[in-house]
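Heads up, the chain below is alone and in the form predicted on its own; it's given as structure tokens.
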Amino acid sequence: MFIIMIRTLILYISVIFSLRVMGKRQIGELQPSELVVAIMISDLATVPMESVNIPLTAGVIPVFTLVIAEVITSFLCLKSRKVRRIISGEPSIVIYDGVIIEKEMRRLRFNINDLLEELRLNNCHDISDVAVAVIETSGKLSVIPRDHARSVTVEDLGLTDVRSEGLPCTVISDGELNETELKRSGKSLKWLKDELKKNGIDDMKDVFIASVDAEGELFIQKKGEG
């Protein structure tokens, strides 16, 4: 029993390491080659788990071999458009200027119901409102609406006094100071401590989360407030 647990943990760590090496995109939008590798890795990793008679290397070596092959393939796709087209394919335009391109739909074996479903998921309910719709190499549908159907922007409204938006800097998380985020926020440690004291907080360990937004304002939530 103990041996099986150790073997399983080793394979688990190997698979996690493999996915980290392949990059973050493998966790999100999978290309065809990446999907194949992910499926094969899951199958190969389970083989040594099922029987202690099978050497552990029978699962680890093939997994790492696939990872190396995928990294090389990704590098070739990065450097060569021809290789990228062969391995991953190319985006396909299925709607142009409010008109469905039937020939492309047939070539992709993409039916009208699937297209309408993807349009609804993109908050588009009328084909005539679509300027361009593209099926990406990952299989997702990207929709560019016509001018009259797109969302109103700040520029359209002519507003000038608009609050800046950006990724907040989480300077404290569960009582721990994140120096990298504090530096990115452009604030000093002294400023942070002063702000905490203004809110009646003397110890950072009492803070569940603290973040600095694009306007330089500090949001604080103490532990136990949730």
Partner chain sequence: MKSMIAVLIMTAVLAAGGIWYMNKLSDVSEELSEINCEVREELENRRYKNASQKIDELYRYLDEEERYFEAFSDHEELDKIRMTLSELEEYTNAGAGTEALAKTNVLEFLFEHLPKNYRLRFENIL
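From a predicted model like this one, the values you see are computed outputs, not experimental measurements. Residue numbers count along the first chain shown, from 1.
There is another form of the same protein, the form predicted in complex with the partner chain; it is not shown, and what comes next is about it.
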Handout entry: the partner chain contact at F64 in the model of the complex, heavy atom, 4.5 Å
Key = yes
Exercise for the section: Verify the contact flag for V52: yes if a non-hydrogen atom of it lies within 4.5 Å of a non-hydrogen atom of the partner chain in the model of the complex, no if not. Expected result: yes
Handout entry: Non-hydrogen atom contact I112 with the partner chain in the model of the complex at 4.5 angstroms
Key = no
Problem - Close approach of Y12 to the partner chain in the model of the complex, 4.5 Å, heavy atom - result: no
Exercise for the section: Using heavy atoms and a 4.5 Å cut-off, decide whether S88, Y96 and V99 all contact the partner chain in the model of the complex. Expected result: no
Practice task
Quick one: from I144, I72, V83, L121, grab the residue that has a heavy atom within 4.5 Å of the partner chain in the model of the complex.
Solution key: I72
Handout entry: The unique member of S188, S42, T57, S173 whose heavy atoms fall within 4.5 Å of the partner chain in the model of the complex
Key = T57
Completion exercise
Testing 34-42, 64-72, 176-184, 193-201 against the partner chain in the model of the complex with a 4.5 Å heavy atom criterion leaves exactly one stretch, namely 64-72
